[in-house]
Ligand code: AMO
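Presented below, as structure tokens, is a lone chain in the form predicted alone.
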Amino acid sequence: MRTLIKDAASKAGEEVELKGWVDSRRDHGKLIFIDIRDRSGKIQAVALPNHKEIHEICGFLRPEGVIKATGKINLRPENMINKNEANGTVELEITAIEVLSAAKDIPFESDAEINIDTYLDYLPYTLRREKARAVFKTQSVIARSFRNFFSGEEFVEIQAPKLIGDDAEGGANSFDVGYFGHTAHLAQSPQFYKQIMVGVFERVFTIGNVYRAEKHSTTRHLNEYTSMDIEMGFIKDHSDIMAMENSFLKSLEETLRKECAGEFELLEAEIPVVPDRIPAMTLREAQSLITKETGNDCTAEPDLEPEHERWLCAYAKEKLGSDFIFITGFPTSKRPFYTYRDEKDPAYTKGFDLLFRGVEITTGSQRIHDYDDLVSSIREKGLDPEKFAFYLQAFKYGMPPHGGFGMGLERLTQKMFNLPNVKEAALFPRDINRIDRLLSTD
């Protein structure tokens, strides 16, 4: 019966069967050392010269070959103990070995420095590297934490469609798809569907891919990414959504400290401390502060530039003791038609962005819930309400005050680890230049 490597240290003196990959091989002549890894960890194994056939097989093993190794778990000699490793006190003395799948020569060493294009060209291999595994294990924990937290807050998980008739923002940056003689689009967000479902369950969340046909070639944009979305009814205003997100991030911090401390240590990153109350300021307050402190007058701008987001995050960290900062009150002209307007100043909205380590990771708002107001807002944006007739049905039959947010999983992961490129936080990134293989630029 197979033993997982994480359990090896508890089986000193016992015969075990391990299955995994050859992480590395070190040939010392009479002794051949092999590091074997499986999903649970890594252990050192040794082929002794008195096991001639095993010694010969191990001499030809290449990294990433898949093996079944049987043997005895021995305590390491005192001078061979490695206290920095989970199995640093034991090793496997191999008494039988079977090569389940031989490996070709690897294109470069697992610890070699490579550029982003080389990393992406060899993803089936580079994703096996220790740092990549750490990134995507943590990303899995983030997604699970999101699901667990909102399930615990009585949100119902829904699956929103990815093929839609009209894109949620009413814009042009959507991918067209032939659909039985018609034109459909890949969804830019689950916005319409999660709002509809507030009328069914009151509180909903979804995790799924969304698509933006934007011709970006930056370190922070993807054309396909994973959006983590919530929508909730019977809110007072957008501050209820902000408070809910704040609570989620507090819960996420606790989970990451319990489950992913080793991954953050490996990537030399810090798990962010989430305040009980994340600081917030309006867009106009933020722009006035930037203008005052930097001399760069941005008070007439309708949105924040990337350098302003970076500056505000640095300010929040230094002056407010927070890696996060909410910016609220964006102009109505710059927000989607479903965004609720501030009654005191209808030129601005009851919405927010959450900034984290230099970038926006969340956009959210209270939504318009009155049918007539929503139709008027659609028309004011120069759109045709008839194209949104299916969505508008939910508002004809009574919708509570509601709101929500969307958060990009890859961008959050990128900033958690301070990765230089969001593509390093996407398993198989899609951008203007790449769908797995690099596209022709001719």
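Heads up: residue numbers just count along the shown sequence, starting at 1. Since we're looking at a predicted model, the values are computed, not measured.
Another form exists, predicted together with the ligand; not displayed. Remarks below refer to it.
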Site check 194, 214 and 408: each within 4.5 Å of the ligand in the model of the complex by heavy atom:
yes
Contact segment among 277 to 285, 356 to 364, 198 to 206, 95 to 103, judged by heavy atoms lying within 4.5 Å of the ligand in the model of the complex:
356 to 364
Is residue 229 close enough to the ligand in the model of the complex to count, meaning some heavy atom within 4.5 Å?
yes
Contact with the ligand in the model of the complex for residue 310, defined as at least one heavy atom pair within 4.5 Å: yes or no?
no
Is residue 338 one of the residues lying within 4.5 Å of the ligand in the model of the complex, judged by heavy atom distances?
yes
So, residue 222 and the ligand: in the model of the complex, are they within 4.5 Å at any heavy atom pair?
yes
Counting non-hydrogen atoms within 4.5 angstroms of the ligand in the model of the complex, say which of 189, 145, 174, 138 makes the cut.
189
